[in-house]
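What follows is a single chain, given as structure tokens, in the form predicted on its own.
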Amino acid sequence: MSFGTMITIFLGVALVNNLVFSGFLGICPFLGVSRKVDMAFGMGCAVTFVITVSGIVTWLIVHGVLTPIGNAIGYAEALYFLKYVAFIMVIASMVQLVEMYLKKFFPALYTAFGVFLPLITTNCAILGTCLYIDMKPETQHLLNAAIYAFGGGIGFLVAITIMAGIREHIRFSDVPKCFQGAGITLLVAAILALAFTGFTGIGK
């Protein structure tokens, strides 16, 4: 596999097909934890770790356990549904590790995240990444899958940090009354999604 292919996979999921702005995944933490840059950056790092490790572990489970067993016993389609169970269990385990780490070493950040930290388990961006890795032909190799998962996490980190920076400035701006609150937040998210469509020309 060439270095150019790895860069293409990374930029493809981080910018061109950003999980938030293109796939509209992970919107709940994207909107809920993007009020401050430091919180948004911490959440982005946590999600990047969970996505990367979950992507690698689920790839190993699918290609190293489920697929060989399914082919051996002739029930590959039946075992296909076990992938979803495996994905959710792996994601929940990774989130638990992050939660214990933050609670021990960064208690203030752990408290600030509140309910959004355990909700990483149900973050559709993470499950969506695992499903994409399983379906896409270019991620059928472990290194490609790891790069794709890491790129997806970086894309989420970039998206939520940019959003937090803009929302911090909005607090000191004269926002029309009809747009105050959720209205201006959703409008900014829509403009960012349109802006990120400009990256679709990278590969042309």
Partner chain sequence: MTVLLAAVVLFGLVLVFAGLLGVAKEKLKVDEDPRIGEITEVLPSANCGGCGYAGCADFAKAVVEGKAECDGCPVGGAKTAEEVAKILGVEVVKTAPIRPVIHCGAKNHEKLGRVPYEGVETCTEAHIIGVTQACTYGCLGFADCVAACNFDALRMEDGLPIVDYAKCTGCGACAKACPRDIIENIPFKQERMLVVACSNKEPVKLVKQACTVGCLGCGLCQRLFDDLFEVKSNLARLDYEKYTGEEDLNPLFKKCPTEVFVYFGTPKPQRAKQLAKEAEAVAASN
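For the two forms, the rigid core is made up of the largest set of C-alpha atoms that agree within 1.5 Å on superposition. Just so it is clear, the model here is predicted, and its values are computed rather than measured. Numbering follows the first chain given and starts at 1.
From this point on, the text means the form predicted together with its partner chain, which you will not see here.
Asks: Is its partner chain in the predicted complex near all of I61, L82 and V90, within 4.5 Å of a heavy atom of each?
Replies: The answer is yes; I61, L82 and V90 each reach its partner chain.
Asks: Looking at the partner-bound form in the predicted complex, is L97 within 4.5 Å of its partner chain by any heavy atom?
Replies: L97: yes, in contact with its partner chain in the predicted complex.
Asks: Should A146 be classed as touching its partner chain in the predicted complex when contacts are defined as heavy atoms within 4.5 Å?
Replies: Close contact is absent here: in the predicted complex, A146 is far from its partner chain, nothing within 4.5 Å, heavy atoms only.
Asks: If we define contact as a non-hydrogen atom of the residue within 4.5 angstroms of the partner, is I69 a contact of its partner chain in the predicted complex?
Replies: Yes, I69 sits close enough to its partner chain in the predicted complex that at least one of its heavy atoms falls within 4.5 Å.
Asks: Even though the partner isn't displayed, in the predicted complex is L157 close enough to its partner chain, meaning a heavy atom within 4.5 Å?
Replies: Residue-level check for L157: no, no contact with its partner chain.
Asks: Name the stretch: of 157-165, 23-31, 53-61, 134-142, exactly one has residues whose heavy atoms fall within 4.5 Å of its partner chain in the predicted complex.
Replies: Of the options, only 53-61 has residues within 4.5 Å of the partner.
Asks: To verify the annotation, which of these, C124, L109, L119, A86, has a non-hydrogen atom within 4.5 Å of its partner chain in the predicted complex?
Replies: Residue within 4.5 Å of the partner: A86.
Asks: Give me the residue from C45, V65, V175, V37 that has a heavy atom within 4.5 Å of its partner chain in the predicted complex.
Replies: Here the answer is residue option V65.
Asks: After superposing the rigid core, is the C-alpha displacement of V95 2 Å or more between the shown form and the other one?
Replies: After core superposition, the C-alpha of V95 moves less than 2 Å between the shown form and the other one.
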